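Only one chain is given next, in structure tokens, and it is the form predicted on its own.
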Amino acid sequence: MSYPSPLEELVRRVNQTREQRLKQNFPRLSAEEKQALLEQFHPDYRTDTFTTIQVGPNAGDRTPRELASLIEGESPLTNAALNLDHFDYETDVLVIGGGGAGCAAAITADDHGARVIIATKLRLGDANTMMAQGGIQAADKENDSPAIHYLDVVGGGHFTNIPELVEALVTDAPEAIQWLENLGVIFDKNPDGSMKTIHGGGTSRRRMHTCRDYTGAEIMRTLRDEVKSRPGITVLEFCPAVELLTTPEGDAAGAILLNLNLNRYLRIKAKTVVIATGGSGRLHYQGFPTSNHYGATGDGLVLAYRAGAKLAFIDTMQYHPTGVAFPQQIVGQLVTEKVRSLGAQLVNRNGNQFIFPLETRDVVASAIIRECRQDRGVRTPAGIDGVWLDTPMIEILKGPGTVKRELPAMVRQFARFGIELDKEPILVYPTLHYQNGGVAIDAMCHTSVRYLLVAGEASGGVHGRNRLMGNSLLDVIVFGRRAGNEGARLALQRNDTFTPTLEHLTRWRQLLKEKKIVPESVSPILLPDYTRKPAGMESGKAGTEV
């Protein structure tokens, strides 16, 4: 037995109730029951953890305190003497972010003959795309259609999604799959060569295309290789953007990067700028662990907002129901929804199933939090709450060997700690997984700042207040490609006589002064600060070196 003694007895309870649960047809919740569950237990409804933005285009809007502190933060360029008469690089399209959306945008812009620079905080491909496990949705089977996909997306988002963005997402989806396969992505196939597809939570058709349980890594590997093979794309690694450049008229005109290796700023003049910086899980809203990579600190929202771009849906985050709760070394890491798609059930400390496994993510997460708060959860020796995910059930339902065949990455992950996924249940608890909102865009990725485009998780609106499984990888490909197309088109139409400045910073500081706001942080923070501080000292205060 790989679990410590306090948990052994609870594992036996799960084993004892498995046969009974096999015969159980657990009902879905009604719309009213879902809403009541969300309002009582989902973190988005905790009013004490939110605040109101005071300045800028979203003044008066509700947002998590952690994000508000950065959005209304001070620029690191406070005392920097930057000569903007000369530039280190000049380009047509500057893509900020080296994940799936950034690479898709760069490849597509390069296809149109634009000069492209990708500036990425860490290495090319260090992004949430790489960590996505479950799959990518596309309605390309005979019993499915973009219209059905559309209905699933807006239903999953609680009918709050921006319709034209959803339409773009689902209509481009089949072509996006074909584009990826042509680039070299190896999708799971049936013996006859057709695409193998599975269900996800909230989907009415089997439209999830997979690469075992490392779909994001396979897509990112392919995009990264394609970018590196193209001489027209310059990649600047370890060079995060710390401020946008704008013209006196307020149009985007480039960015200031910080070369982390040399600790010096780089000045980039660009005809169009594409922000593809991903999400903000490393802000650990409400103290939740996260499945996000270390660079997910909300940089794109900060940069765009100070330049005048409006944000959307920034009061809603996705807490993936099944983050690891044990062992402690990997707490917060993702346990893909594919595990539940294959048949694993969620079970409380009494061995009872308590929620239909494929309800939407926000509903399942709320049900898990309810079980733990009402003393039906499992507490690990480290004091972390969780519930069981009965993975051996998959072997019974789908046949011996299914777990190792369909979930090879997860099998290896848990085997490192002596847990056999096909023989033992695992402990899970919601983990901060996705930023539902972001910079407001239209269907061609335009923002309210001219020549500034946004794609991927840094944008907001397509998923409404809850994203369905498999639509984030689709989002980065569909809107990454659209941003690349539009960025190249705009760049090739714009002459290079515009003047990049930092005048928007002067206006921003004036707004803060008028509201008598003293910034609590220097932002973007670029990387989370996990170092221990002496009592009374907090990280990220104004004046901190970036």
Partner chain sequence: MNENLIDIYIMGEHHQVPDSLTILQALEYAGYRLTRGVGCRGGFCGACATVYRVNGDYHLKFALACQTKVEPNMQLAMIPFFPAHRPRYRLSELKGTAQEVLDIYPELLRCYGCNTCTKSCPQDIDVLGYVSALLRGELASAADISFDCIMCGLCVSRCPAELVKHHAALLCRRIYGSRLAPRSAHLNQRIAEIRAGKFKAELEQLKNMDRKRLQELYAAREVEPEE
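Remember, predicted model here, so these are calculated numbers, not experimental data. Numbering follows the first chain given and starts at 1.
This protein has a second form, the form predicted together with the partner chain, left out of what is shown; the following refers to that one.
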Just to confirm the contact call: exactly one of 142-150, 472-480, 450-458, 93-101 touches the partner chain in the predicted bound form at a 4.5 Å heavy atom cutoff, so which is it? 142-150
Arg376 versus the partner chain, in the predicted bound form: is there a non-hydrogen atom within 4.5 Å? no
So in the predicted bound form, does Gln413 come within 4.5 Å of the partner chain, heavy atom to heavy atom? yes
Look up in the predicted bound form whether Tyr285 has a non-hydrogen atom within 4.5 angstroms of the partner chain, and give yes or no. no
Do Leu527 and the partner chain come within 4.5 Å of each other in the predicted bound form, heavy atoms counted? yes
Answer key, the partner chain contact in the predicted bound form at 4.5 Å (heavy atoms) among Leu358, Leu236, Met393, Leu258: the residue is Leu358
Interface check vs the partner chain in the predicted bound form: of Gln345, Ser341, Thr120, Thr272, the one with a heavy atom inside 4.5 Å is Ser341
Report whether all of Phe159, Glu218 and Gln329 sit within 4.5 Å of the partner chain in the predicted bound form, measuring from non-hydrogen atoms. yes
Could you list the residues in 229-248 that come within 4.5 Å of the partner chain in the predicted bound form, counting only heavy atoms and keeping sequence order? Ser229, Arg230, Pro231, Phe238
